[in-house]
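Next up: a single chain in structure tokens, the form predicted on its own.
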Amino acid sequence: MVDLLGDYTIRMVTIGSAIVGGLCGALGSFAYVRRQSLVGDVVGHAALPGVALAYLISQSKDLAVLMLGAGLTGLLALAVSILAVRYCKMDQGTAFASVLSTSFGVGVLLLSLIQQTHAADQAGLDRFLFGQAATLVEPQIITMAGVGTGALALMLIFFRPLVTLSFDPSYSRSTGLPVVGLESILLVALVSSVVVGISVAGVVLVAALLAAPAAAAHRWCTRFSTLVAVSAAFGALSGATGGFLSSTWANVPTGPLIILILTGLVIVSLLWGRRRTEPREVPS
């Protein structure tokens, strides 16, 4: 195995997948306890038109540029969903489903337009649909690690108030916590994790990277801080394992393999985890 990790491609895929899994696992814990796991779906599908627009504007396939476009449209989609729920009295599931399907349709339309008008330059953009970890190189890993570090830093700096807000929004408002600001910080961190994740899992599967590690971890944890750590560990372990195996096996896509490994962890946790009932919340 040590010799295999000496191979550049295998090493990059394994490291990149571990970064993505750990980041999504940690931040996905907040989405999980807030019953907002669909956030990953919304942002993931809304990232596709952002990638296409970023390419059309910049004429560049630089990962940092494409991630910026994906992040902006992801935040816009979340904002539209939240406004629809709060001010149009729309059901949250309906709002999320409407926005993600519309965003994905726009993204596919833009990709088709790019393929017709930029046939020689657009190769590789479609990898954001299902992910293409095999194409990761060191500069892209550095970019992903930088974005991930920033998202984790936001989570750690505001950890206590974010936990309070996640479990008891009414109490947070009564104590004078800046609820809107904290919500914005958490959404930016979540969007960052999803944007990083689409490079490996693609817009279709990235939501599972947010939900599955926390779903598995909560069966073993009684404190939220422990849940975050275990969820991050599950995500990183699954990412590294899936990345390594997909690089050594022929014609095995990385994203789907990581999701299958996470699904196995969820099943094992459901069958043998210490918690036998679904908790209303994970104590902090």
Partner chain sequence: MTSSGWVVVIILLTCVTCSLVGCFLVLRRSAMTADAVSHSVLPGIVFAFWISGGLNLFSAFLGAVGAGALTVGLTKWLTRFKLKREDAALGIVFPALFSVGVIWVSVAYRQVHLDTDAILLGEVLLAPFEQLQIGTTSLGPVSVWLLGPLLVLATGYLKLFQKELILESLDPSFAKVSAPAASQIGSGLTLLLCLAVVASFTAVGVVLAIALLIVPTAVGRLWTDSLRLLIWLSVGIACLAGGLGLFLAFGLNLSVSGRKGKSSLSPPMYWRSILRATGTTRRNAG
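Numbering follows the first chain given and starts at 1. Every value quoted in this text rests on a predicted model; they were computed, and no experiment measured them.
Below, we turn to the form predicted in complex with its partner chain, even though it does not appear here.
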Open item on the list: Can you work out whether residue 260 and its partner chain are in contact in the predicted bound form, taking contact to mean some heavy atom pair no more than 4.5 Å apart?
Closed with: yes
Task: Contact label in the predicted bound form: residue 215 to its partner chain, heavy atom within 4.5 Å - done: yes
Task: Contact label in the predicted bound form: residue 143 to its partner chain, heavy atom within 4.5 Å - done: no
Open item on the list: Since only the chain is shown here, I'm wondering whether residue 191 would be in contact with its partner chain in the predicted bound form (any heavy atom pair within 4.5 Å).
Closed with: no
Task: Contact segment among 144-152, 67-75, 100-108, 192-200, judged by heavy atoms lying within 4.5 Å of its partner chain in the predicted bound form - done: 100-108
Open item on the list: If you apply a 4.5 angstroms heavy atom cut-off, which residues in 245-271 are near its partner chain in the predicted bound form?
Closed with: 251, 252, 253, 256, 257, 259, 260, 263, 266, 270
